[in-house]
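We begin with a single chain expressed as structure tokens, specifically the form predicted on its own.
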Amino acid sequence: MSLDSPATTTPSILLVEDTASLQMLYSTVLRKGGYGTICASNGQEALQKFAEHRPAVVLLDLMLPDTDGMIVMREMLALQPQTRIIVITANGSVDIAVEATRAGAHDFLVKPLGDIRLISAVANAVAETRLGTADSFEAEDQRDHPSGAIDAAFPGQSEVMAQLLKKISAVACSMAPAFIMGESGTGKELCARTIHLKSNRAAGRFVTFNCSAVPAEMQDAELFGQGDSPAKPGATSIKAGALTRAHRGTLFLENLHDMSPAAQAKLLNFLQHGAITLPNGAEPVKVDARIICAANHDPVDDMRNGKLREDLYYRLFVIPLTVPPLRARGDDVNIIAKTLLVQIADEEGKHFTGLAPETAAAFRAARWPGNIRELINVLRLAVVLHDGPIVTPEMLPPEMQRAGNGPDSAAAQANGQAQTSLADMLGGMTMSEIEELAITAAIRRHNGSVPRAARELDIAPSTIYRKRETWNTGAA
């Protein structure tokens, strides 16, 4: 099917690869997977075709004959920030790929590329462009509810999610800044959207700004807005920044540690005064926006390492929330999987209705380091390559099939015995002794950090300090 055909249902893929044989190989794999391709052999040609076709997804080899692939990626993201760029690197250059990911790449692939991994990465990127879950600063949403695959992140019946949803409802009624933590792919953006939609700001915009996806020199203009130079006659033009677009709504800031020092200082000034000053000399603009931040690690580390201003940290880290990893949510994984499966099958024109019991058991035992995003990849792989109607173990990635018969299954089998042993160990201990045991262990796990231990245990640090004082004095 031609790329220009109105019947095309997938975005065009721009493939940037200077080795002719590999370019032909990747194009063939993509074509068999149902994707049309536009090919470029060097950086200059890539930028020309990118400007002409504005593809939603780009496969970009970082080693190009005429320029650095990182430069090409940054120029593409500056022109169209919502683009999903999948960088390709040679084996042994993974550090460069990780750097590219921090600079805004959606994913990275290491040569030699496997057909399944290539199609899976592209399918995931294409799915996100369809769903409108852009991570860039252009992404803003006025829909009544989040939709698509990420919308399946919160269904479930686990106790940890019930507690989180209870906190979300309480936080939504406040104007205080919230800081959401959790591993990559757990649904931190959905958590922020849910807070927004439950608040009295639901009629306003939900605007996202990913600091890692915006070059440092552009962050000021894209976050706070831009105006004509005051030296320019009749200067009145003002380009609204993400913060201004979030007026009477919510601004969702991701990866705050990658915000430039200048932008951090300006954000702090906004939090103090509720107004932003444009570079065209105009009067400060009053903005009423709630700030919600997210990170996949403890922001205390960023503050200690000098990546995050201490005064800004204390302004934004007011209400901490933690989205639990998928492996901590029990059988929620299968509830989510069934919801996702129907959505993905509908997108791919396939008929899938559920999971085989063995598949559900494998999902329950899996560690899911990539969380919801990894689950989406596994299900999409099964749907694209098979016809259904049930996802069987044979449709899963080989490593997941092996895990189903390996140590993980044995560990899952022994879980009940471990729980019984724990109950026996705690038998005869008072509640105070059990508390001391749990708190001391948590502090040890976090290398003596009481604030981190408190967040893990979902209690205030002052509670730990008070209890430790009681233990030290021997009081009851």
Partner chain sequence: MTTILDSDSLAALLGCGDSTVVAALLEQMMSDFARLHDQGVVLMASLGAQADTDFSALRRLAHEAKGLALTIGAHKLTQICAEAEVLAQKGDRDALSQCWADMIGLCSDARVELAQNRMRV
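This is a predicted model, so every value here is computed, not measured. Residue numbers count along the first chain shown, from 1.
What comes next is about the form predicted in complex with its partner chain, which is not displayed.
With the partner omitted here, the stretch from 372 to 380, 357 to 365, 199 to 207, 107 to 115 that lies within 4.5 Å of its partner chain by heavy atoms in the predicted complex is 107 to 115. Contact annotation for residue 20: at least one heavy atom lies within 4.5 Å of its partner chain in the predicted complex.
Heavy atoms of residue 444 never reach within 4.5 Å of its partner chain in the predicted complex, leaving it off the interface.
Mapping the unseen interface onto this chain, residue 457 falls outside it, with no heavy atom inside 4.5 Å of its partner chain in the predicted complex. A residue is said to contact a partner when one of its heavy atoms sits within 4.5 Å of a partner heavy atom; residue 63 meets this definition for its partner chain in the predicted complex. Out of the listed residues 90, 216, 170, 385, 90 is the one that sits within 4.5 Å of its partner chain in the predicted complex by at least one heavy atom.
Here is the short version: of 44, 28, 440, 430, the single residue with a heavy atom within 4.5 Å of its partner chain in the predicted complex is 28. Distance between the C-alpha atoms of residue 207 and residue 60: shorter in the predicted complex than here (change of 3 Å or more).
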